[in-house]
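Next up: just one chain, as structure tokens, the form predicted on its own.
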């Protein structure tokens, strides 16, 4: 079911007195970037950010459906707001993102107090949809949309580091993954539109940008299908070279990559371009070729290792991070141990881990050989212990070295410290003042001598 929405003009006085809003974001960086854009739309409409969630006049939950635990958390939050609406009838409740797209009308049946259900392809249409809500309608917007170029101004959480969506959707068909069905087919933004957005960020002081996509290495392949009038091949490699020399931008990152499309050409370009950071997030998901085949990932562990070894050959100090799923349907103990072995072998800087969670309308959810919860818990605990051990071992290479840190903010847990990241994306804390008493500013790039090592962060002193 979809809603046909017609934009309505807003009275200026209404625009200036909309009330307050609160956005809670679940899931990946793509969701966080979408939330920033929707926050920008709400502020342009006249809403102000609330001091706290339970005092807001408009609540927006931007949801994830990658695991069942994320879904249950959303429903818990929705229940709290539904009860609140009984005593605050003018409260607007919006559920956006992947869970909204997946569940659609069933969410309205489960939580009828919701005013607007909108899939991720509708993020740029938030004002249009809210106008319909203001006219007294309960709105469901989950139809497939062409994502028009974003002309909104995002309200970004950082004033230094900005996320830039370059491709929406995913055309892969991994047997465990719900993303293609909730985020739609791949739609690349034009190189010029991306460059214009980055230039605008550079003008207002941003120093680092991260290019985002569910499968970022697929960037441009919809352009190359003949539907667009581009001369030459548009790829992620091309885009990195195209945007590289924008004045003011010091660092460029990108995520998330797919091993099937991570080419040697791309690695060569990254090694050549000085602003591209030596940090690559390339999920491997399983160390077993048999499991990878069941996942329909389209590569082998051998080809994955070739990618990592080539990166390390050209950029020896690179940080490699990844994702892994344990307890996939039918995974044997030996196959699980193959996953542990690849972590031991490749010495990842970090691996995001998850126990397999059956997702609606995915092939793997229907298979009969699901593993029991106790096996999932045991394997997740074991792989997490190994990841922590390996991460700390990798961090030892920073001990007593000087690292370039882009200052991003004050450490909220210790306001005498600043925080930032190395080029390899390792979170680093250090004092506000240098030894000679000089104060550092957010946005500065400083040299820090690393002294204390932890599995997932570093601490040091200014040079």
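What you are looking at is a predicted structure, and each value in this text was computed from that prediction instead of being measured. Positions refer to the first chain, counted from 1.
Beyond what is shown, the protein has a form predicted in complex with S-adenosyl-L-homocysteine; the following relates to that form.
Residue 262 versus S-adenosyl-L-homocysteine, in the predicted complex: is there a non-hydrogen atom within 4.5 Å?
Output for residue 262 is no: heavy atoms all beyond 4.5 Å of S-adenosyl-L-homocysteine.
My question is simply whether residue 119 lines the interface with S-adenosyl-L-homocysteine in the predicted complex - judged by any non-hydrogen atom within 4.5 Å.
No.
Within 4.5 Å, heavy atoms only: does residue 266 come near S-adenosyl-L-homocysteine in the predicted complex?
So residue 266 does not count as contacting S-adenosyl-L-homocysteine.
Within 4.5 Å, heavy atoms only: does residue 283 come near S-adenosyl-L-homocysteine in the predicted complex?
Looking in the predicted complex, residue contacts with S-adenosyl-L-homocysteine include residue 283, since a heavy atom lies within 4.5 Å.
Are 66, 258 and 359 jointly within 4.5 Å of S-adenosyl-L-homocysteine in the predicted complex, each by at least one heavy atom?
All three within 4.5 Å in the predicted complex.
Of 91, 354, 377, 133, which one comes within 4.5 Å of S-adenosyl-L-homocysteine in the predicted complex, counting heavy atoms only?
So the residue touching S-adenosyl-L-homocysteine in the predicted complex, by this definition, is 354.
So which of 336, 163, 176, 348 gets a non-hydrogen atom within 4.5 Å of S-adenosyl-L-homocysteine in the predicted complex?
Of 336, 163, 176, 348, the residue with a heavy atom within 4.5 Å of S-adenosyl-L-homocysteine in the predicted complex is 176.
Which among 104 to 112, 176 to 184, 124 to 132, 339 to 347 is in contact with S-adenosyl-L-homocysteine in the predicted complex, heavy atoms within 4.5 angstroms?
Every other range fails; the passing one is 176 to 184.
Using a 4.5 Å heavy atom cutoff, which residues in 303 to 335 contact S-adenosyl-L-homocysteine in the predicted complex? It's fine if the answer is none.
Heavy-atom contacts within 4.5 Å come from 323, 324, 325.
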